[in-house]
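Coming up is one lone chain in structure tokens, specifically the form predicted alone.
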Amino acid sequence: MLKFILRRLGTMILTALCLTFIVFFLTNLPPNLEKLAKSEAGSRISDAEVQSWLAKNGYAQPLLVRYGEWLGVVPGWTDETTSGQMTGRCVKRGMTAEDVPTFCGILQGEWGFSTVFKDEVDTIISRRLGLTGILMGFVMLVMVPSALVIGVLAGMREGSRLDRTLSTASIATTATPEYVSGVIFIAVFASSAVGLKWFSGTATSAMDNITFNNFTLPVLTIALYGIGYIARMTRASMAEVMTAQYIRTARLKGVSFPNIVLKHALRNALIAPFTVIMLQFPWLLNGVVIVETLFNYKGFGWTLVEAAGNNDIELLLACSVVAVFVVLVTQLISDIGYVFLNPRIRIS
């Protein structure tokens, strides 16, 4: 088991390096750097002034060098102005030459400075990610139990009217994107034009005070799609388990149907949905980008959209690191959990 985890960790590190380098390369393309220079130094500066600004701020170095500086494995660039003042990646206001650290990348906890929000990136990410974590927590509380109940009820009697009804509803919810269901919810339940103004609060106010009125629609918008997907996977797994030989043997022995479902079928049927549930966390990061923008809930997804729309390179890179980390960690937890739940894999 230890070798399995170490092997997975090695793969995670290699994958993270590859993905972050791709994002770093795309965000540091010449048009993006030129746009950054003009947004910081003035939109009417000449091409020569753009190149001068990029050189003074360390963007003229080779891409691999800048990537190493961003990671924190290559010494940060430094420069001295004509007045004798030192500037550089690792130089902060009030620092003397002796106080400037050699390395100042994400490995040292230095995430950079946001050009849009005018604040440290790590401060922004921690605040916004916390808000998204609250949203995702409520979504999981609604989504997972509902999906498992629907999937088990549909799968334990395959082909019945209940199975067909629940399966049709699951397919319908999965086929409805968040931006469609969100607009429908707002139009029907939060708009005074329709007459069903049940939810008068805004998701922006939920950032400070979560209530039923201001948080229900964002949670339902995200959960609706996931409920159908997990329910379908649970239904397929449950239907397969119910046709297994040991279930037939239990029936022949006279075991009641509820006991067959709860004591024999349910545990084995939940092995596959467990993996699917863990993989919902990366999907939720994509879902919140749409929902947070739609409901103006200023969490991680909203921040990612703002960073991308305003060419905030440092913040955009930080968002990519968080997204990659969440995906890789949830996959590792999923693999470990699957090994523990499935005795055949654990023994082998």
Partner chain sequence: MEELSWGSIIARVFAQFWPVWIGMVAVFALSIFYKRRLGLYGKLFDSSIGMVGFAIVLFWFFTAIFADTIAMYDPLQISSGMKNKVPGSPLADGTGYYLLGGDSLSRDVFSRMVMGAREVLIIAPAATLFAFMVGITLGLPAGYFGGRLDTFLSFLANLVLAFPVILLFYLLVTPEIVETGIPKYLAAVLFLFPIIFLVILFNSRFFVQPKKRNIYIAITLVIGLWIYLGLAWNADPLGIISMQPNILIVFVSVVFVNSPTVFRIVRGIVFDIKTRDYVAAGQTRGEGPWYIMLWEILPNARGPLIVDFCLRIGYTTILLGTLGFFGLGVSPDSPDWGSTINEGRRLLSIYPHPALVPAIALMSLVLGLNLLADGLREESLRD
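Residue numbers count along the first chain shown, from 1. No experiment lies behind these values; they were computed from the predicted model shown.
Omitted here: the form predicted in complex with the partner chain. The next part is about that form.
For the marked spot (Leu29, Lys35 and Ala308), a heavy atom within 4.5 Å of the partner chain in the predicted bound form is present in each of the three residues.
By the criterion of a heavy atom within 4.5 Å, Leu54 is excluded from the residues contacting the partner chain in the predicted bound form. For the chain shown alone, Arg89 is not a contact residue for the partner chain in the predicted bound form, no non-hydrogen atom being within 4.5 angstroms. A residue is said to contact a partner when one of its heavy atoms sits within 4.5 Å of a partner heavy atom; Ile313 fails this definition for the partner chain in the predicted bound form, lying far away.
Contact annotation for Val183: at least one heavy atom lies within 4.5 Å of the partner chain in the predicted bound form. Think of it this way: in the predicted bound form, the partner chain has a heavy atom of just one of Tyr225, Phe274, Trp111, Phe138 within 4.5 Å, and the residue is Tyr225.
With the partner omitted from this view, the residue of Ala187, Ala244, Ile134, Val116 that lies near the partner chain in the predicted bound form is Ala187 [heavy atom within 4.5 Å]. Between 142-150, 211-219, 68-76, 174-182, the stretch whose residues reach within 4.5 angstroms of the partner chain in the predicted bound form through a non-hydrogen atom is 174-182. In sequence order, Ser320, Ala323, Val324, Val327, Leu328 are the residues of 318-340 having a heavy atom within 4.5 Å of the partner chain in the predicted bound form; the partner itself is omitted from this view.
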